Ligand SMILES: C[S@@+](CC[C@H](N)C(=O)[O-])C[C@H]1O[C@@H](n2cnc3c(N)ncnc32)[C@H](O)[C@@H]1O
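Form predicted alone, single chain, as structure tokens, below.
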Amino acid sequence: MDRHTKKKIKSISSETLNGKHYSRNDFARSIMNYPAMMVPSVQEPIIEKLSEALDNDVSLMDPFMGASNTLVTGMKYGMNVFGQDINPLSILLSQVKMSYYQSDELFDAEKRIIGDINSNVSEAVEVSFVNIDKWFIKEIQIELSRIYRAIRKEPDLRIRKFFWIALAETIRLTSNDRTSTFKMHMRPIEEINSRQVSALKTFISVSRKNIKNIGDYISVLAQKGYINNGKYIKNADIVWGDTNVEIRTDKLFNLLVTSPPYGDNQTTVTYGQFSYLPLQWIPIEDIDKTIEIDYLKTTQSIDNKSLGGTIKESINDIEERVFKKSKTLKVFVAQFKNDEQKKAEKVTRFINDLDNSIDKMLPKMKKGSFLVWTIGNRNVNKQVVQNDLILKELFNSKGVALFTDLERDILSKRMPGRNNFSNMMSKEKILIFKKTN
């Protein structure tokens, strides 16, 4: 059976793995332009073939769910799905994607919200934070505040969540932050002064696009018989949580599909910085009251709490422990001295947190379960961090062997460009492990 499954996975074409035929509208993907999103059409054939090996009785987990495209793909196949992330914006976006909406109720709500905005002449700005005037011109602050007040009036939390996501994307598009990078960088003053942008017009455009996309997605689920009495027929659970601390569910799973960060968020994909401005305008009580981090304290708060972002113990203690598990990491770090060694220490801290996170995941996985990891290598100090080999060594140290692997070109996954610390590689490995005990 395992040999047959491996053969089917290895038969997946390179064109499919490279995302050549994917649609940006595929299964609610375009509801928000979240950083480094997984491409559903790349994951789908792998999930499909592993589902067959599991007799089509699948409970799927993604402990670093991000934009939750893995969970969306799982729902297309009628799976129980569970996702967790440390970023509150990921939680809100995933809650929306996992919810059932009727297009008519969303159009009705949009009409009410726009009507309220147009009748509201107040110029009060509803939020205040450090450097708000740097990131938003006054006219945009006023318009965003009118949208904010109108959404807050909506009595149905589920509806509010949907339009908070539309507001989040509006904020991304109308702020003074450049959209070409996930790190916060102010546009040139000349460009800010010459821009002709309206938060209200952008919000209407984004809302209507999102209503269409969520409607198309739910139609597919309904056609497959996965919607009954206005809800998804299986479990679709979203929780806020730090995977480095715990997986916040008592349930067990037989399929894990995820793509972790490729390094600490401060130097790879700055999910927290990307989310900082939108989260200023969205009430925490409308996301999840159990969130335990002060994510609005600084632009770095979420990234500092993510893998490799917090200094909890001495680097010597970490190295002693993690080098025993990964000779590849030990060899990588040993080649550097002085200032370069400090940068290499960040890699070690990240790998240590990743290793600890795996220890939190494995008890949630049933015997015979598959764990699919999409991971990329990266450059640090002009040397390649072989994340794929390191990950294999970490799993091997826990008695979990590699089942099979694949490689894909990164053609469509939006990633950061070069910076002073690292730049991403052009390929990703898809490593599939199997838990046999």
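Note that the structure is a prediction, hence the values are computed from the model and not measured. A residue's number is simply how far along the shown sequence it sits, counting from 1.
Not on display, but discussed next: the form predicted in complex with this ligand.
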query: Location of this ligand contact in the predicted bound form, chosen stretch of 62 to 70, 395 to 403, 44 to 52, 380 to 388 [non-hydrogen atom, 4.5 Å]; finding: 62 to 70
query: Listed residue (Met37, Ile375, Met32, Val58) with a non-hydrogen atom within 4.5 angstroms of this ligand in the predicted bound form; finding: Met37
query: Single option in Lys305, Arg146, Arg349, Lys161 placed near this ligand in the predicted bound form, where near means a heavy atom within 4.5 Å; finding: Lys305
query: 4.5 Å heavy atom contact, Thr243 and this ligand in the predicted bound form; finding: yes
query: This ligand contact in the predicted bound form: Asp85, any heavy atom under 4.5 Å; finding: yes
query: Pro261: touches this ligand in the predicted bound form, heavy atom cutoff 4.5 angstroms; finding: yes
query: Heavy atom of Phe253 within 4.5 Å of this ligand in the predicted bound form; finding: no
query: Residues of stretch 165 to 202 in contact with this ligand in the predicted bound form (4.5 Å, non-hydrogen atom); finding: none
